Each structure stands twice: as C-alpha cells, then as structure tokens.
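Take a look at this single chain in structure tokens; it is the form predicted on its own.
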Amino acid sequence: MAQDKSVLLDIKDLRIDGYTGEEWVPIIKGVDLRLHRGEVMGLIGESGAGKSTIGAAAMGYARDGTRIVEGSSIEFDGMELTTATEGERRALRGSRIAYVAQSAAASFNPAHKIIDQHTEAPLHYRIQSRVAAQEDAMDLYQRLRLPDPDQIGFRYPHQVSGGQLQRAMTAMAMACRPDLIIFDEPTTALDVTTQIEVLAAIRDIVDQFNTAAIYITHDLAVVAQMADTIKVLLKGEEVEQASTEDMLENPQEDYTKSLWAVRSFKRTQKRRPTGEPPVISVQNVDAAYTGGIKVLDDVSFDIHRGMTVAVVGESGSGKSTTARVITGLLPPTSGQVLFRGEPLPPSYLNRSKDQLRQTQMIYQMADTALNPKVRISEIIGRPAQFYSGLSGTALKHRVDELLDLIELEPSQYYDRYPPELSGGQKQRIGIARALAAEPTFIICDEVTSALDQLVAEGILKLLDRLQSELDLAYMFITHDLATVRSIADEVVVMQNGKVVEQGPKDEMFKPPHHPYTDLLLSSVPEMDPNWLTDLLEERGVDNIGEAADV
C-alpha cells in the first residue's frame, strides 16, 4: 500500500524574538519550512543558527526568553499551532509530536526507572495498558540494539552508559508512534559504532511508520545518511535548501561550502620527551563498581609532559571509568596511578591539595557542568581561590587573566551567567575553570562532541595553544576519530575495559589494525548519502548488532 506523502508541517514566515533582559531582538528572521509525511529534513548550521529554536517551534513551543512573533504560521496536520489553545498544543506533544533531546542525562528523571518514564506518555494518552506499554518498550529497546532489552528498562538512568541512555530516549520518543519527531543532535554523545545502530534504527522506524522527522545536527556526514532534504541556517535565516544529494554535490552559497570543508586544523605530532617520568602513568589497573562487576581489566598507558593521548572506544569501553580512577573518584581494585613517578593515593579523599590541583577535568556538556545561577567570575574564581588562596584584587586580576587566555574579553564576560553564552563560549569557561587550578594534567572528556564543526575547531586550536604555552599534558577522551587525527600524539584504543591497541598516532592510522580498531575506523560516517546503506549491507545486521552491544 502506498504511503501518504501529504504535507504534515507547514511553517511560513517564522519569526521568533529573544529577550536580552532589556529588549526583544529577532533571532529567527522569517524562515519557511514544509515537511511531508515520512520525510526527513536536516537542519544544519553553526551554534546559534536557530536550529533548536525552530525545532521547538515545530511543536508550537517557544523556549524561555523567546516568543513567536504575531504573523508567523505553524500549521501541523491542518491545525494552526500559533492560535491553538495551550491545551490543544499539549495534547499533541508526546503523542503526535515527539522530541529527542541532545543530552539524555539531563532529560531523564534520575529518581525513576527508565521504563516507568518510557510508559508515561502511552498511559497518559490511554494508548496502551501498562503491560502492553512495557512490552512495546522492550521491543523498541531490541530494535535500537540495547543490551538485555527485557531488563535494561528496569534500571535507573545513572545505571546505564550515556550511549545506552540516548537510545532509550529515542525509544521513549517513539512510544506513541508520533507523526513527527524532532531529533535534536540525537547521536552527538554516541561512539561511531553505536551511532550506526541508532541511525539505522531511526531510519527504519521512520520508514516503517511513515513518520516525518526534523533532524538537527552539526555533523554533516550524519545528516547525509538521514535526510531527504537539507536546510542550511545562519543567524536565524535560511541560507539555502535542496535535496541531500544536490546539497552535497553542488552547494550554492559560500557559507554552505565552508561547512562542507574538511576540518583543517591538524597539529604537529609530538614525540615523548626522554629522560623524565611520564606526568601520568596508569599501571595494570583493575576497577569495579558496586556489586563487584569488573569494568577495567589490566589497563596501562603513559601520558608525558606537553603531549596529548587520545583514548578512544565505544560507549562502555572504559574510557571515562579510567578517568575516574586517575582522578581518585573510583579507587582501583588493583594496580596504581603514578604522578611524575610517585604513586597517587587511590582515593581523592586521601590526596593532598597539591595532588588534587595537578589533575583537572573539562567536561563534555558545558550546559550541565556550569551552574547557571553563578556568575562567570565566580565559576572561574573558585578554584583560584581554593588552590592559590587568592582574594580581592588579586583574584579579579587572575580571573581577567584567565578570560584573556581563553580569548574572551573580561569586560564583557566577567559578570555574565552561563545561559547568556553560546555553547562554544561555555566550553571555553570550562577550560578556564580547569586552568584556574594551575594543573599539569587535564582530562578532556568529549569536549567538542556537542559543538558544531566550526566552533569545535576553535576549541581544538585553543587547547593546542594552551598546551604549548603552559606545557600541559592532556588525556583526550573522544569517539570522534576526526578529532583524534587533529590533536592526538598517541592513541589508546579500549574495548570491554581493556586496552586492545596503543601507539603513536601516525602508526595507529596505518594498517594492519587490531580488528576492533578497524571496526572503529570503518564506522566513521562519510559525506555520501549511500554510505550507511552500503555499510549495513557489507557488514550484515547481526554483525553490526554484536558490535554495538559490546
């Protein structure tokens, strides 16, 4: 039976204002968008382009501090959402229109089991009984290649990995079989092998249920696999729109061509300094979480002064757990961590202030890492005050110095709050906060994964400059192999809590590879609309599933 391809969403002359605290200013400036049933439209553009704001508006929703300007039209399946009652709009959300957010960790309620949150919408709209909703959840978990699909829903959000939680949120959005799903960077936090599974599952379900989707992303290779058409945005305005194939082969505007350009930044690879101990040495470390489940198995690697070691591997491979062991948040069950040749106490509780100062961390999600109600000056100033005892004029001078260091003008940012900053600016504040302690070693945990390509490149350049100026050692946790190629000196590949391969970057990207390294390298999306289809055919669904469930 032929599927209905009628118009589902018709947005005309969308204008949205944002409040600065003093006045309303335009942030979306007359955008049109028409989406048919079963069609996927990709929205791309750099941070601040208005992608997520338009995605929210497709539900008839204006985020805090914004308003949809009179004269805008948002028609969903014949209903004008701008004039509909709030009750009418709410009745659509979660049932006929669903939303998949970028940060699953911030979207789930930590106090409730995953499956209880999944079944909330089907029960609220009386679509299914609790038993039927739970059985359907397990089926969706299976489709999305979640491990142990019959049981994983009965865990709490903090008991599963970030990648697994992101897939669980995708399943939750599909619970009521909506007509439209807004995917807001749904695979940003996922490793490349897991991303393939999620993209394939999203694509299959969209096709199976004739669901329309708006797919918001800054990853151009990903949108090439998902979208029928692509709309490019810049500062709240449409730059151009075309079919995916036409957009990839023949972009018309200079801005679009700049987005299509391959990441240009690539630092000069460094070699280990001789005659001195590594800054950090992880030696034969085993670790386990509550219940005795082993999560690290004989992990060993070194990080030397002035060098960057990239630790790569899929979700659950042990990357972040290793970082927790290094920082003392998770004492190892055996093995040790050395700082400049001297053993560190296993727990941070037993480390001196100077030992704590030497190792700092920059987090993946600046939105959740920075307190939105604390001024930038205090966020940066606290570690300087705690570790160096600065106060008064000396502390203000140090905060100004750190803002200059991360290329933000002190007079403009000193008294601002995190919500007033862009994603890239927030990440720079996270970097400044880490530098305030004057560390020797910094763990960068997926620091560019939530950023668009242009902003991410600026952060990588900043980190490289700071490393050269301050002689810092970096552990760079990432699933983005393009980032590894740009910034790493050495690479450590982890799988199932073990190091399966390690060495200098130039050697690691030359065959022969360990089979798992080969899997990671072959899973990096390419700017070819047929890449995902060809890869799935080449590997076969069963092999892909096995890789994702590791």
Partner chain sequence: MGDIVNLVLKRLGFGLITLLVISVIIFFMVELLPGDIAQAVLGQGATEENVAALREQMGLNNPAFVRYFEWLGGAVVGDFGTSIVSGERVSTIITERFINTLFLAAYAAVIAVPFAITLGVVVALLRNTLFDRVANVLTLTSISSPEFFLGYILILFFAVKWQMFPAISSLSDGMSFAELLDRTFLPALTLVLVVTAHMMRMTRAAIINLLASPYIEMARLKGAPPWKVIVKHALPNAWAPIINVIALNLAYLITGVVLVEVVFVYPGIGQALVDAVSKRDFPIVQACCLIFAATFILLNLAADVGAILTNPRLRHPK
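Residue numbers count along the first chain shown, from 1. Keep in mind it's a predicted model, so treat the numbers as computed, not measured.
One more form of this protein exists, namely the form predicted in complex with its partner chain; it is left out here, but the text below deals with it.
Within 4.5 Å of its partner chain in the model of the complex, a heavy atom is found for every one of 61, 117 and 159.
Proximity of residue 112 to its partner chain in the model of the complex falls within the 4.5 Å heavy atom cutoff. Residue contact check for residue 301: none of its heavy atoms lie within 4.5 Å of its partner chain in the model of the complex.
In the model of the complex, none of the heavy atoms of residue 142 sits within 4.5 Å of a heavy atom of its partner chain. For the chain shown alone, residue 398 is not a contact residue for its partner chain in the model of the complex, no non-hydrogen atom being within 4.5 angstroms. Comparing 164-172, 406-414, 199-207, 76-84 against its partner chain in the model of the complex, the single stretch with non-hydrogen atoms within 4.5 angstroms of it is 164-172.
For the residues 461, 272, 340, 93, the 4.5 Å heavy atom test against its partner chain in the model of the complex is passed only by 93.
For the residues 257, 294, 266, 124, the 4.5 Å heavy atom test against its partner chain in the model of the complex is passed only by 124.
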